[in-house]
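The form predicted on its own is given below as one chain in structure tokens.
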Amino acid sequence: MGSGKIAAAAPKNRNRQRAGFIAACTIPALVLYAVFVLYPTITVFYTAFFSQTSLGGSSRTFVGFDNFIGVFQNSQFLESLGNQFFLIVVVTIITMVAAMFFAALLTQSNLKEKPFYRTVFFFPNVLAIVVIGTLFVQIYDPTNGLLNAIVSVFTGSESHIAWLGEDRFTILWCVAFAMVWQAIGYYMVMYMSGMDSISPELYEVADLEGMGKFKQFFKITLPLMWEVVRVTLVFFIISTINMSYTFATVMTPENMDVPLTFVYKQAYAGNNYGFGMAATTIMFIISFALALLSNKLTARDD
């Protein structure tokens, strides 16, 4: 009788120990997440409904949705939002196409130097974004920049084009190219991981049936790694919004704004904290909506 009670109590003790171990592992992470993510996010949403001049301002006035209305009526914010959508679309398309191309090229080839090329492509992602932005500022320099030197070789005359000057679309393309160069290796490695999981037998059968490489990509490779593509689309949206702030700040702090630089200038440099938090809330909603929309549009049956 006593041995039966002991046997029955043993699973309960193991369950308690297991529950205690899980709690010990998860509670610190949940506390940190609540303190450094949830609380600041709720604070941003709350502050957006007040007129406040600084982060630690003691005086605040409730203004309701006036800050949000003011943001949408601000021409600088609307222009920065247009710049952001341009970067999301252009950087996403170019990076995705180029990363897939190089991933397919390296995955389906028999190059002995494959690890070397993978390292070379991934190297820009190791560098700090500030370093990459500074590097491209030097490349675009109108006097001693590498790009103008290349243009001079083809035109036969000395070139002094101000790539990061006053023309908005030229600046946007220059920033977009820097962002593509930084991101292409990271997504190439992700796509290569997805392609490596596809059975080589499928490609062997396709070769026997006379299917070309281009058709194999759209009939075999892309459908079987579609979930990876869906995940990277969300990454593209979030990372482009975040990284565009650093690239715009380093490469063209005066001539081009994105929403996050607009927020910084309003909230911290312009002593209009509540207005800046309203713009932040709007960008949070837009980025969340874009992520949901991309998941909805790319959903498909297995």
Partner chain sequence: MAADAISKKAKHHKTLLKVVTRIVLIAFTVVVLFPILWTVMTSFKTSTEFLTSAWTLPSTLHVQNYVNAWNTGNLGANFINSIIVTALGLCFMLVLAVPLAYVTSRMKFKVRGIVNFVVMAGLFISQTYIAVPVFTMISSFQRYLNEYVIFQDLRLTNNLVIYALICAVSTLPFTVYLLRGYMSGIPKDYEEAAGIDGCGLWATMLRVIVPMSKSALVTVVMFDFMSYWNEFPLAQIFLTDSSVKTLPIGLQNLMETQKFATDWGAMFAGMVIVMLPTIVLYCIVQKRLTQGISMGGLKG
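Residue numbers count along the first chain shown, from 1. Being a predicted model, the structure only gives us computed values, none of them experimental.
Absent from the display: the form predicted together with the partner chain. The rest refers to it.
Colleague: Against the partner chain in the model of the complex, would A178 count as a contact residue? Criterion: heavy atoms within 4.5 Å.
Modeller: No, A178 stays farther than 4.5 Å from the partner chain in the model of the complex.
Colleague: May I ask you to state whether L105 is within 4.5 Å of the partner chain in the model of the complex, using heavy atom distances?
Modeller: Although the partner chain is absent here, L105 would touch it in the model of the complex, with heavy atoms inside 4.5 Å.
Colleague: Is it the case that Y273, even though its partner is missing from this view, gets within 4.5 Å of the partner chain in the model of the complex, heavy atoms only?
Modeller: Y273: yes, in contact with the partner chain in the model of the complex.
Colleague: Closest heavy atom of V91 to the partner chain in the model of the complex, within 4.5 Å or not?
Modeller: Result no; V91 lies far from the partner chain in the model of the complex.
Colleague: Taking a heavy atom within 4.5 Å as contact, would all three of A48, C174 and I220 count as contacting the partner chain in the model of the complex?
Modeller: Checked in the model of the complex: no contact with the partner chain for any of the three.
Colleague: Go through 268-291 residue by residue and record those having a heavy atom within 4.5 Å of the partner chain in the model of the complex; state none if no residue qualifies.
Modeller: Those in contact are Y268, Y273, M277, T280, M283, F284, S287, F288, A291.
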